[in-house]
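Next up: just one chain, as structure tokens, the form predicted on its own.
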Amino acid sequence: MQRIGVVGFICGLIVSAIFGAMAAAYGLAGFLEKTLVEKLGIQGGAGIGNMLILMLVFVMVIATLLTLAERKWSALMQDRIGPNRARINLPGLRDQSLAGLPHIATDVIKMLTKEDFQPKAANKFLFNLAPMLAFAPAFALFAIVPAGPTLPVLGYQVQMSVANPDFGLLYIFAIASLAVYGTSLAGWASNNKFALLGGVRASSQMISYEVALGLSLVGMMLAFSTVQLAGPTGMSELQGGYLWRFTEVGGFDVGIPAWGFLLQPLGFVLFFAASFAETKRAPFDVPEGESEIIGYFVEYSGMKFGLFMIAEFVEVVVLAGVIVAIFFGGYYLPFGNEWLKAQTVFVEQPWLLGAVFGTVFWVKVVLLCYVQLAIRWTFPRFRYDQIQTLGWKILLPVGLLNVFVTGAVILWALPEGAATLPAAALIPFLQPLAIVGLVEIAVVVALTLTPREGAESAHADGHGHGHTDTHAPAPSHGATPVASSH
């Protein structure tokens, strides 16, 4: 009970910190927007504030904490303690592990002070450029992800994303494709044949999954008739509507929300698998598998190696944020959103409502980060031929089939003149698509829970050991008995 209480206290502390940071984000964005408009006559102050809070605070702090969380969570899965040896040499703290948090400081100090080795025959410019090209695209991807609704603050509309371009999801495809240059240059510029092989393998894997990555989101573009994530017509905002709205209880709205994973379950699975392969994390970590091939950054040390490492965890956070914004309702709860918006305190202080919805968004992000780390420590590494087979022979055909089915259902379900209607008014017409999605989920669950043929018989035969030991002849009286394989 004491441990449960400690965990509950820590979770409450984290949620409270997120709420406070989101409240500060809305306040800072509104203040900067008002200052720039009134003093300089230009807009964009909210974007600057969001860049400081959302990207430099939330994304970077969560990514930094994940470097420790992965080791601690993997230790829990494997019945280990995890990192706990680092100590702070201060009275009262010398004998406290502080949940391993001092290890973050030791990792940072080690990377900043470690010798910056560079091969003599390496291309100096490209060798130094590769870590930046690996980190910058992953970091920049979060610029269009909305962490909260657009609300009035200090008399100005504050959009809780750094930018909201018209091309939306196309920005994700364009920037994500740049990451391949970092891995390619890291392997080639090192002038090391092992690093070159790792870079070629990493590049081919990333390029292979980009096609499936793009196809996986076409269904969501068709469903919501937009490629934007933020704003009043963005995917995150549209998922606040209901496919089926039930009777309200005391003004509390209840229904089945128009979340992306209900409309496009196959799209979600395809996008998650393809994006996970793009991050090159286990079970897709063949480019870094020491038992099979030397990694593409084998010649890097110090903070250059640190950029490759932190880029991997930034990708985990960004992937979680993009999935939440597209498939899991963004910053909205499954129900009760309209009831929250109607509360007096939120009507009078809209930034409080934004802080609540922002907290919902970041809690979803943390949960999806945990799912990615759990997958990392659950599945064994795939062979390279298995990775290519999954990308080209499974994800690509299923993605094409999903696009055709989605387009046909939407074409049949939408009424005449749908092009002239706002996107929010078309959500009830997506019910047939949701029914198809629920059927797909049911089929996947049924296939997952159905045992394979022969599995039960193998279990009944002694866990697959067969009948040979059972029917083996008994040894004679003078023979030496053979030791059992069990």
Partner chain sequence: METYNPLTGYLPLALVFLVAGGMAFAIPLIASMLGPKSVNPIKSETFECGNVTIGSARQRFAVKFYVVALLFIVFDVEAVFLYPWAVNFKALGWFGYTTMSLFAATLIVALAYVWKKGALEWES
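Only a predicted model underlies this, so the values are computations on that prediction, with no experimental measurement involved. Residue numbers count along the first chain shown, from 1.
The following text describes the form predicted in complex with the partner chain, which does not appear among the structures shown.
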May I ask whether Ile48, Glu115 and Ala140 each come within 4.5 Å of the partner chain in the predicted bound form, counting any non-hydrogen atom?
yes
Contact between Asp385 and the partner chain in the predicted bound form at 4.5 Å, heavy atoms?
yes
Taking heavy atoms and a 4.5 Å cut-off, does Pro451 contact the partner chain in the predicted bound form?
no
Would Leu426 count as a contact of the partner chain in the predicted bound form, using a 4.5 angstroms cut-off between non-hydrogen atoms?
yes
Does Trp377 reach the partner chain in the predicted bound form, with heavy atoms at most 4.5 Å apart?
no
Report the residue, out of Gln157, Thr106, Gln343, Asn123, that has at least one non-hydrogen atom within 4.5 angstroms of the partner chain in the predicted bound form.
Asn123
Please identify the residue among Leu396, Val366, Ile256, Ala282 with any heavy atom within 4.5 Å of the partner chain in the predicted bound form.
Leu396
Assert contact_stretch over 203-211, 353-361, 90-98, 246-254 against the partner chain in the predicted bound form, heavy atom within 4.5 Å, equals 203-211
At a 4.5 angstroms cut-off on non-hydrogen atoms, which residues of 299-322 are near the partner chain in the predicted bound form? List them in order.
Glu299, Met303, Lys304, Leu307
